[in-house]
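The chain below stands alone and is given as structure tokens, in the form predicted alone.
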């Protein structure tokens, strides 16, 4: 092992010892190779493409894998491994002062893609600029960060407004951008120059075609970190992913359960099941639709939905039924003991009758790709006397309607279900707590006991104590039904291990190709 690798291992040991002073969730134990030898295991990997925007932190699309393409270019202080957070641009860190201060010690061997040195000033600038101009994907706001201070040439102290156990992940995953490029950019969302994609990450964007939806990323030869296993990553559009995979046009694809037999007995292929951390939910507008303020009606909606029928007919069995407590079974804080709403149309009718309803009607807004799901739900609701009018639109139009609360009932699907459970605050904490109405669902919902628990769990740094609080949160949500998780997908991916076998999941995410570490050497 080289002197540099020994030093990295020594620093990691010190890091683990230091962080034992505070119970911080999701600390990973992976040790990555620290030397870049210039050798590549694979010359080119091709993946299914499509346009997801220019991969700067400000110009990629909020939906889809655009943000994960951005991550190939831009690093963060911490990175996500299979098991948790690991040091990245920060070679170690300390959480001090009761969780109010975060001291990051930076690597000193990092350069930007244009050859300029990476500095503590870049980190300070990135957070301050990001608070003024929020990145497309960012979980930080001025309500979170009080100050960012440079302690010395390689240390930065970030002080929170208040202690929050989710902040380590949120701070650690904020993309770091070069001050010398962005300091004069007034409208970052409109900045699409080549310099906008200069990062410190393992790959450089060498080609992007918006019209064709193609991307090319080439290994950055002066990357500070683990050796890249793949020299070139290409994203190319394909009409039929399975056919393209079998023809060798792409090297990894999702596969539906009914096609697994084509690969299961062939040693040339490897099949991996994805964690169920991408899901669909039925969101409910309790602010503008009086009848939906009635808990009996909301519970009746859950009993009227046959989740297993949706899973079998839409996902061919590759999904897990939604939990009324919101957090999915693959989440580290999942409560398996919340109220379970098995399909029961008789119970649904009984609850409606208790509230004086024999029939109801709602508009159900859905993205075009979810029309089949909506049709099944319409049939299920009809069995209990609920009439549904389906209104579909393209994804961007549909998302806009949801953001403006222009719906009665709506279906939305997205990832992120495995992330920090603070997303429950965004969805359910109520305008009195957050200061702004939620645009993510549960419109018009407010439960003071729930709000109190959500604040307590946010400030609880002991993992087991936090778990107890989050179990109570899920119990309340399952009883109140402010939204209905329909199911979480648990599909399959297939690839040829002889071509490349370095794929991995992040601890909180469902896609092999989205992990930056999938493309890097690791020990």
Partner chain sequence: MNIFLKFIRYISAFSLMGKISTFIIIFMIIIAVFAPLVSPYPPDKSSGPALSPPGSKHIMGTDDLGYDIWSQIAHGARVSLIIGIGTALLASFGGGIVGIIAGYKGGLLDKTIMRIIDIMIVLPDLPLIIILAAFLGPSLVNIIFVLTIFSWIRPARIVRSQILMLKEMDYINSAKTYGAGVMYLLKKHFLPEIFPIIAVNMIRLSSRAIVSEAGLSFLGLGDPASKSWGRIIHYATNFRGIYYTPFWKWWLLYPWLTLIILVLALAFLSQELEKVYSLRK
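Numbering follows the first chain given and starts at 1. Because the structure is a prediction, the values reported are computed rather than measured.
Below, we refer to the form predicted in complex with its partner chain, which is not included among the displayed structures.
Contact annotation: residue 258 falls within 4.5 Å of its partner chain in the predicted complex, judged by heavy atom distances. With a 4.5 Å cutoff on heavy atoms, residue 246 counts as touching its partner chain in the predicted complex. Although the partner is absent here, residue 242 lies within 4.5 Å of its partner chain in the predicted complex, judged by heavy atoms. Remark: residue 314 counts among the residues lining its partner chain in the predicted complex, judged by a heavy atom distance of 4.5 Å or less. In plain terms, the part of the chain that comes close to its partner chain in the predicted complex, with a heavy atom within 4.5 Å, is 371-379 out of 132-140, 165-173, 91-99, 371-379. Between its partner chain and the residues 189, 295, 396, 262, the one pair within 4.5 Å by heavy atoms in the predicted complex involves 262. Checking 218, 114, 406, 309 against its partner chain in the predicted complex, a heavy atom within 4.5 Å turns up for just one residue: 309.
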